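Read the single chain below, which is given as structure tokens and is the form predicted alone.
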Amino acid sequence: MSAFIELRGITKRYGDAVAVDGVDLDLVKGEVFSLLGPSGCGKTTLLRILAGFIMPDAGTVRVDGVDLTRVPANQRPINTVFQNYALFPHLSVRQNIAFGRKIAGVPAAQIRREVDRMLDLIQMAGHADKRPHQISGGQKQRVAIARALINEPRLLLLDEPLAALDLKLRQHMLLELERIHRDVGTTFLYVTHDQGEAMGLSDRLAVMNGGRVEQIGAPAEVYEAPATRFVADFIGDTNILDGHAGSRPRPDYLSVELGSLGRVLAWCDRPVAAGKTLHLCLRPEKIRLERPNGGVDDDWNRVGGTITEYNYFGSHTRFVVRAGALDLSVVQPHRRCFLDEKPFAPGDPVMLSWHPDDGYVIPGNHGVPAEAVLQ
């Protein structure tokens, strides 16, 4: 599928600081693409370059094959939804949505029809005459989205749009954004530091760090097969275990020496030199926690340990288990409640086990993709 948005070699410096460092990025028409990363990673700078608010020091921006690198923001087929909504407090919801079309000189009758369509889209027809101070934060965000979409942009940029909302409202607005995108089909570029938002909304995402893109892929791909230690550590919770490559007892599987934990088996279909430094990424929810005499599948990795602490979260409990010289995080979902069964407690000996497919090998060199290191 051909790229709709093309960024090539985008670089932006502020004095000696490099905010964006030679980024290449392609967006497919109609997808939701997220830029995800910690504060200062360059994601907002990249969004502002796409919007035309700032110019790159190097590189090109193309939309549907047209070079827009030096085109001013008001001449780009791109609109932005900001974190603080940026609604006009003295205008009604209807007037806020209509503002861009009025400035563009669109006939009044056409504006009314388009605004009515937007009000239906964001499900706020009953609030059309209210001012921003009379509606909730989630409703303000919907108005800001409608105000951008009414201009029929080729690309909609969303800059941390849910950061000011509480948890339940953010979850609701993610569903609203998904519905709106499904209805209009506009390409969305979503910028956030919240991995839950990016994972839940995106068709694809890019994880940024230090002005560079460390990995691009579908949410499940990035979560299950992180390309670098940074990605593994940033996306979700994980145990990252230092080790060395051993032999290949099975095709596409690698034995990994983990020091005090001994030798375990992990899926790895890339060539890896014996003795190579690497890390084993093991998600807490992939680990099975059982009593020492519990039944464990013969082909699973098994490690004994002792519970040192736990936290109850309602839907799950998080345990810390001392295994060898390491503390491993283990998450156990609550499927049933057996009131007569003794719960795990600190000091209890336990057996940890996981399938070899659930341990993912990543390179020992921080920030370098596995394909470049494990040869």
Partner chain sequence: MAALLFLYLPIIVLVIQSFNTARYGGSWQGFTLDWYRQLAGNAPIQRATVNTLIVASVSTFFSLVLGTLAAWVLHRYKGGLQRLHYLLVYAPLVIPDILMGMSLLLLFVQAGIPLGRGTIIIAHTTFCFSYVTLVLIGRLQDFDDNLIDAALDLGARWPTIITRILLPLLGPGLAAGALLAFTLSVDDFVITFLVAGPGSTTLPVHVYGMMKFGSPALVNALSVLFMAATFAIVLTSQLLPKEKS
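Residue numbers count along the first chain shown, from 1. Quick caveat: nothing in here was measured; it's all calculated off a predicted structure.
This next part talks about the form predicted in complex with the partner chain, which is not shown.
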ask   = Heavy atom within 4.5 Å of the partner chain in the predicted bound form: which of Leu169, Val106, Ala73, Ile216?
value = Ala73
note = With the partner omitted here, the residue among Val191, Cys281, Val256, Ile78 that in the predicted bound form has a heavy atom within 4.5 Å of the partner chain is Ile78
inquiry  = the partner chain is absent from this chain, but in the predicted bound form, do Trp267, Thr277 and Arg302 each have a non-hydrogen atom within 4.5 Å of it?
reply    = no
inquiry  = Against the partner chain in the predicted bound form, would Asn84 count as a contact residue? Criterion: heavy atoms within 4.5 Å.
reply    = yes
query = Any chance Gly138 has a heavy atom within 4.5 Å of the partner chain in the predicted bound form?
reply = no
task = Evaluate Gln123 for contact with the partner chain in the predicted bound form, applying a 4.5 angstroms cut-off between non-hydrogen atoms, and reply yes or no.
result = no
inquiry  = Taking any heavy atom pair closer than or equal to 4.5 Å as contact, tell me whether Arg142 reaches the partner chain in the predicted bound form.
reply    = no
task = Just one of 88 to 96, 192 to 200, 226 to 234, 239 to 247 has residues with a heavy atom within 4.5 Å of the partner chain in the predicted bound form, so point it out.
result = 88 to 96
message = Need the contact residues for 268 to 286: heavy atom within 4.5 Å of the partner chain in the predicted bound form, sequence order, or none if there are none.
response = none
